[in-house]
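Only one chain is shown below, in structure tokens, and it's the form predicted on its own.
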Amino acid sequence: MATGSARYVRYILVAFFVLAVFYFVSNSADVTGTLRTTPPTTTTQNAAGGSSTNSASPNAGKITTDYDPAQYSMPLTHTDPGWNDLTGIRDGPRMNATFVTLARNSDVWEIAKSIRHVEDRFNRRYNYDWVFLNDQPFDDLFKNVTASLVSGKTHYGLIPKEHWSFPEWIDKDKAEKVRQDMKERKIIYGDSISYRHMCRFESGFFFRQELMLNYEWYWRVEPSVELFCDIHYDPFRFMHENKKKYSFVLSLYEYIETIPTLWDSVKKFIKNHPEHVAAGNSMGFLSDDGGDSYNRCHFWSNFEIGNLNWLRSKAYIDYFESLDRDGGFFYERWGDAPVHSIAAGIMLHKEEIHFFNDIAYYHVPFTHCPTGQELRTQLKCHCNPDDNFDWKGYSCTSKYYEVNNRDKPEGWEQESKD
């Protein structure tokens, strides 16, 4: 009889255990860092500009605007508490932020690779949203693949035609002759219409898309990028708490053949809007002669973490509209990288621009691999420091350090050898 009672007790305990597991699984949510039990949430913006969704607003229940930073550790070095806490969902506040990607349906497998890098190295512990933008409707394959990989919510936006077309003041015949001339001179993307629409869109419209209006911070991610090191803290929160508005990981010189009159347009803007020029700016990064000419240095904009409110400010909108009216996006081949960089260089205080040495990044053909073997070891990096572009002759990162009166990271001399 005692043996039979013991058997019944075991049955009861097993039953309780099974029920407990079932309850745990069925009630887990993304914000707890355990299991996702419902399909990823997606939002699709329709052709009329509206949107439909089956969830609350972006980052619902996660965004924190009023918090005590001292209450939640943000490990910036290996000696800080929580540095090795790289599993589960990270505790602490969330910024009103999103990743943003401009892509086409054909990019699905290349952006899938980028998403895995971002999720594995960072976002699986923070669950930030992802906005995808396209001048054509996204197909089901693109939506299903990307939504299955992103730990936050996914949103899909259709770019309005007026943001991806020739503005009315552009002489299309003149623009066509420019493209033909650039093709004959073998200037990269010189004959591409879509590339020009992309540069103009990224320069003046991506931050004004309906879906993007929900956010204050963005992290731009393009297809086929790689992240080589763990990210131990929240870069969005770092930007917020340190009053940064723009950031980069790679900088270089622009092709002069693509921007012959860009600086003339910038100087005209400065003359017409001196109120938008910040004291203590980074003009020294952009010009070697006090602003008379452009040295072609710019931040490579395929990686950016920045503040959307700054881009939506009157200063930046005035700047973009002034350049847009001059027609250089179509009569030349102005890139969004120098456009963004010049704006940040003249409108922001030097201290508002940040270089993320600890975010290792690759976009063909350049690599940013953190300088310093000790740092690379702490970050569990798998990049080759010989590939680091930062200290090569065609990089402008040294100039950034000089303008900000900062010491370069230990070991930079070895990596400066071509």
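Note that the coordinates shown come from a computational prediction; the quantities given were computed from them, not determined experimentally. Residue indices: 1-based, along the sequence shown.
Although it is not shown, the form predicted together with a small molecule is what the next lines describe.
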> Applying a 4.5 Å heavy atom distance criterion, does Asn134 contact the small molecule in the predicted bound form?
Replying inline: yes
Touches the small molecule in the predicted bound form: Gly284 (any heavy atom, 4.5 Å) | no
Partner contact for Ser293 in the predicted bound form: the small molecule, 4.5 angstroms, heavy atom
no
Taking heavy atoms only, is Lys392 within 4.5 angstroms of the small molecule in the predicted bound form?
no
Only hit among Gly327, Pro223, Pro160, Gly92 for heavy atom within 4.5 Å of the small molecule in the predicted bound form is Pro223
Heavy atom within 4.5 Å of the small molecule in the predicted bound form, from candidates Phe205, Tyr189, Trp263, Phe238, belongs to Tyr189
Note: the small molecule not shown here; in the predicted bound form, the stretch from 95-103, 310-318, 206-214, 240-248 having heavy atoms within 4.5 Å of it is 95-103
